[in-house]
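In the block that follows, a single chain appears as structure tokens, in the form predicted on its own.
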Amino acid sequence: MINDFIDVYKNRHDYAKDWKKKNPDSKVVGYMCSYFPEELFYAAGMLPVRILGSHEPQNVTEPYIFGMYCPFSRDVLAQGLQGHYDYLDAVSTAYPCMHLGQAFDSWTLHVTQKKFYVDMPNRVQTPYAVPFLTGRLEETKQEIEEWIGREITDSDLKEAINVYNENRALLREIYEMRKADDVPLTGTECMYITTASLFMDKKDANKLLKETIENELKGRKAKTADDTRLMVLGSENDDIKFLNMVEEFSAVIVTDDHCTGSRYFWNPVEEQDDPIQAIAQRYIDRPLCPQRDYPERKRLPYLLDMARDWNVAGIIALQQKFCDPHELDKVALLDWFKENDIPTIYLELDVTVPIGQFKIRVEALLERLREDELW
């Protein structure tokens, strides 16, 4: 069943195309930021799919996006320009960082013209954030209704919320299982599960998650208490080669905080009379990315609590090269974990990962952690 998620991850485009054949009257909408309110589109009978890169070198984006923008934004745009997402009926995003915003603008000019843009506020730590986003989601709902030619009812929205909340609860259950001394799945396997869920109809994902938890993970031991427990932090991260390399050294990644991992699904939509406001509240309250972590820096205590809850020995912080929000977070992050006696290394990702260089850094971290254990 983990293998089923791996298959979806590796063949994500085939999954979306097959879904479209089975649902010929429905639409597939691609999105670029995990703040994107998928529930609105799912309530309209659509399949939301996350647009990710391929981690392969490309030479097609230079005329369309600045070369000093992060490799992820350039890789994402390349996927559109190369036609890998040619089945999308629309492309969408919540207000992202500048780099991904430029990728979105270029995509809508040169690849998929139909677009939805949600003005997700940056200043989420203000009493105006929820009413602002609620109003913007109402406008987005009207835009969708005009496109599909029918009303999205409160019943539709509540059904979508229930499906997505179930998905979040099941993924959270898998993360809770990783607190065990003998971890039932590796960090690489968990990445396949969480990232594949970004591309799947959540009803399909929920069915497969239940089967995986009940029939494969319960009683399973993928790693033992002798393996060094690590946490991975950063922005987008689905680089299999890197995760595999880390876990080859008698180590296991037991939790994470990035937008293709726990940050995507961590908190549910809490029930309210107004489902649109409930959705808005959820996205305002979700675990923060550095771009929205101000004026009070809330990420640091949140990350420390997670590291302690999952009994983490060390942390690997990953940053997409040229990523301004995460680069601004770097000094505070390293100082914070140093003050709290959790060894941390900071690595910069490019489109392809320099495995040799990173291997040396990871080995050094693990040697340090094991020496500390001996003392």
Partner chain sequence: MVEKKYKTAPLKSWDKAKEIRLNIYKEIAEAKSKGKVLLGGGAESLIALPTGFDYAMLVGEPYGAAISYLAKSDPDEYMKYVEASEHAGYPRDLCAYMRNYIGSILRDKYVFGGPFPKIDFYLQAGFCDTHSKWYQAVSDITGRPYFSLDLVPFDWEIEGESEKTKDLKRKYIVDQIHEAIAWMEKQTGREFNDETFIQGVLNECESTSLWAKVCIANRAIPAPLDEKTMLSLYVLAVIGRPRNDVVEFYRELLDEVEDRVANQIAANPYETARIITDSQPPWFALDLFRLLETYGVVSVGAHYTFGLSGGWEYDEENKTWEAGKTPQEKGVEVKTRDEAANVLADWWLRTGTVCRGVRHSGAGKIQRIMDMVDRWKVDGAIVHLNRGCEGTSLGQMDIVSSLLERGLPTMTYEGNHADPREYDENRTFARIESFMETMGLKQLYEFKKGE
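Numbering follows the first chain given and starts at 1. For clarity, every value in this text was computed on a predicted model and none was experimentally measured.
One more form of this protein, predicted in complex with the partner chain, exists but is not displayed; see below.
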Would you mind picking out the stretch of 152 to 160, 210 to 218, 295 to 303, 273 to 281 that comes within 4.5 angstroms of the partner chain in the model of the complex, counting non-hydrogen atoms? 295 to 303
Is N122 a contact residue for the partner chain in the model of the complex, using a 4.5 Å heavy atom cut-off? yes
Answer yes if any heavy atom of H110 is within 4.5 Å of a heavy atom of the partner chain in the model of the complex; otherwise answer no. yes
Does E138 reach the partner chain in the model of the complex if we count a contact as any heavy atom within 4.5 Å? yes
Are any of the heavy atoms in E38 no more than 4.5 Å from a heavy atom of the partner chain in the model of the complex? no
With the distance limit set at 4.5 angstroms and only heavy atoms considered, check whether Y69, H99 and F132 all reach the partner chain in the model of the complex. yes
Selected contact from T126, N244, S250, Q82, since only one has a non-hydrogen atom within 4.5 angstroms of the partner chain in the model of the complex: T126
Just one of Y95, W266, F199, F116 has a heavy atom within 4.5 Å of the partner chain in the model of the complex. Which one? Y95
For 40 to 56: residues with a non-hydrogen atom within 4.5 angstroms of the partner chain in the model of the complex? none
